[in-house]
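Just one chain follows, in the form predicted on its own, and it is written as structure tokens.
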């Protein structure tokens, strides 16, 4: 017997039914906003990730040499891939480009709550607009997806920040500060002990006093952001603060401002983020990891050899999203559903098959016997698959020109003329003929 590989999961039909309903909800919201579905490969050049995030990122990925001698990686995220795709068709694409995709990703990292080595996300991206409305729209897609799943706006919060505010503040300190390392330290702030966090910042070039001062600046409330502009004294921070305020104003227009809060300690660890960044959390704190995140990455497409193209995106992850829905009591029921089971008794296959075909043509989920079971065994099976209605096609009934409809929940049944079933009924049930 073989064991499942650590960090990978199996989804049996009841679990998959709940996951499918969740994915369908998220994707339907993206479609309503005009996002178009794409499909992307599972393998990319490992160099693509090393160039954009540093060679150290390869230690967290599934990297190997293929038979052609190429170093490739199982895709750990979608953003570099969609940037590559945008570059390949940049002249033909009408902007703004609005894409979404649902698929698995892989990272070789420590398995913990809401984090696996194979994980699933729906990525939603806009290319070609630098307007704050674009940032607000991806926030709105995410918020509408959450409420579409049955969550209340009070169940979650978007923690919003701006990478240029962080970078601009760090640049204002005396001495040589490794901004990239410092931003990564901020991204780990809630995941490590305070002493370790301080050590990461000192390793990045801040003195102990500057670490304390920087942490105080990150706690600046939204109504005092002008103090950050005054501290830095640069156009960079002033422009970043203004951009952040405009994004939050646009979020108000799109109805999601109440779910947004300023959080300058939200940094997003990936280096390609350039502007507004955000993460979504369970407002109760019971689910400790972020449900999803995103932000603006205006330089990535140009870095891939394309024209300068602003971009922003968000990626809901289903591992933590399921935890949030379960905590709030809105996770879909993990159960399979069957509309009809056509039960065959005796030599009635031709009629039973015709009824099953007619019901399936109306879009219903229909099962029938494929194992030569007895009457009782078929009825037990129909119950096990949560069949709503059983259509009993028996030799005696057919001799009288009838079939029997059985409502499984109540056990009630009635005879129906075989020529009238399913007839003109779109979804015929016991109640239509009782």
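Throughout, rigid core stands for the largest set of C-alpha atoms superposing within 1.5 Å between the two forms. Positions refer to the first chain, counted from 1. Keep in mind that this is a model prediction, so the values were computed, not measured.
Absent from the display: the form predicted in complex with the RNA. The rest refers to it.
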From the candidate stretches 230-238, 286-294, 145-153, 84-92, select the single one in contact with the RNA in the predicted bound form, where contact means a heavy atom within 4.5 Å.
286-294
Is the RNA close enough to 65, 364 and 389 in the predicted bound form that each of the three has a heavy atom within 4.5 Å of it?
no
Is residue 98 part of the interface with the RNA in the predicted bound form - any heavy atom within 4.5 Å?
no
Would you please decide whether residue 111 lies within 4.5 angstroms of the RNA in the predicted bound form, comparing each non-hydrogen atom pair?
yes
Although the partner isn't part of this model, could you tell me whether residue 55 comes within 4.5 Å of the RNA in the predicted bound form, counting any heavy atom of the residue?
no
Using a 4.5 Å heavy atom cut-off, state whether residue 397 contacts the RNA in the predicted bound form.
yes
Can you pick the one in 34, 41, 376, 401 that has a heavy atom within 4.5 Å of the RNA in the predicted bound form?
376
Only one of 214, 281, 272, 318 comes within 4.5 Å of the RNA in the predicted bound form by heavy atoms, so just point that one out.
272
Any residue of 173-207 with a heavy atom within 4.5 Å of the RNA in the predicted bound form counts; write them all down in order.
184, 188, 191
Does superposing the core leave residue 181 with a CA shift of 2 Å or more between this form and the one not shown?
yes
Residue 415 C-alpha shift between this form and the one not shown of 2 Å or more, rigid core reference:
yes
Once the core is superposed between this form and the one not shown, does residue 333 show a C-alpha displacement of at least 2 Å?
no
